[in-house]
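Next up is one chain by itself, shown in structure tokens, the form predicted on its own.
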């Protein structure tokens, strides 16, 4: 039997996976309110109107927040007039035009957009007792590597707090910040943080799930010009489909829906595609990358992240 949630908050909900997840969840009659966490008010209004038109339901409410800004998400949580049953932390991407540039918090733009703001959001919800049942973090198969795509698994020397902090501030990568390389490490830290929370909080589920390699999203728009052109004009429309390495936004968003409705999924686990795949059925990624279950590295990730939250 599927688990149902009446109220759901989704970040990055004005387009792509977040918006599609909102559409699918609105199709469940048990869903009575969906908060659309968005940075841009005009785009949020357009998304809300489109969702109401396509679903025939007026259950969507805009919550303005910029997940790359800790004060912004803290303000958003304070403004929520009720608790939410489920949280989907979908917002992220490659960190804009300058992914390695540092924010005022001392983290890279990529880390801020994918992890830091979500840490602040989830932990503020927990502190305010505004999260009732489950939190889902958008992971990536880049965390455990995909040889078929030339994606190397993140490799840490010690897994110490200092080393993980160097990933967060970008110094780990030296003078050249490669967004494709950094992305896997950053999603890795987010996954470790979620697993640590699962061990420390009873009664709430913390699940990481990768939406898989999804076409029709804006993630690739943040890549450098040449790399963006290769991915958007060659890899995603032609090469990856032939390799079975890309699926639709509907299938990607369905993984989020599964994460919050399937009671068989376990708290603290990262679910993603099968080995050397980016689509298809999901499975426990620690069977591919056992270090995901290392409690020491999980706790070190939490400590490293909190060095940058004021």
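Every value quoted in this text rests on a predicted model; they were computed, and no experiment measured them. Numbering follows the first chain given and starts at 1.
Another form, the form predicted in complex with a small molecule, is not on view; read the next lines as being about it.
Heavy atoms within 4.5 Å of the small molecule in the predicted complex belong, among the stretches 156-164, 171-179, 100-108, 203-211, to residues of 203-211. Contact annotation for residue 68: at least one heavy atom lies within 4.5 Å of the small molecule in the predicted complex.
Residue 14 belongs to the set of residues with a heavy atom inside 4.5 Å of the small molecule in the predicted complex.
Within this chain, residue 190 is remote from the site of the small molecule in the predicted complex, having no heavy atom within 4.5 Å. Among residues of the shown chain, residue 39 is one whose heavy atoms approach the small molecule to within 4.5 Å in the predicted complex. Contact with the small molecule in the predicted complex, defined as a heavy atom within 4.5 Å, holds for exactly one of 266, 251, 33, 43, namely 43. The contact with the small molecule in the predicted complex, taken as any heavy atom within 4.5 Å, belongs to 91 out of 76, 91, 135, 116.
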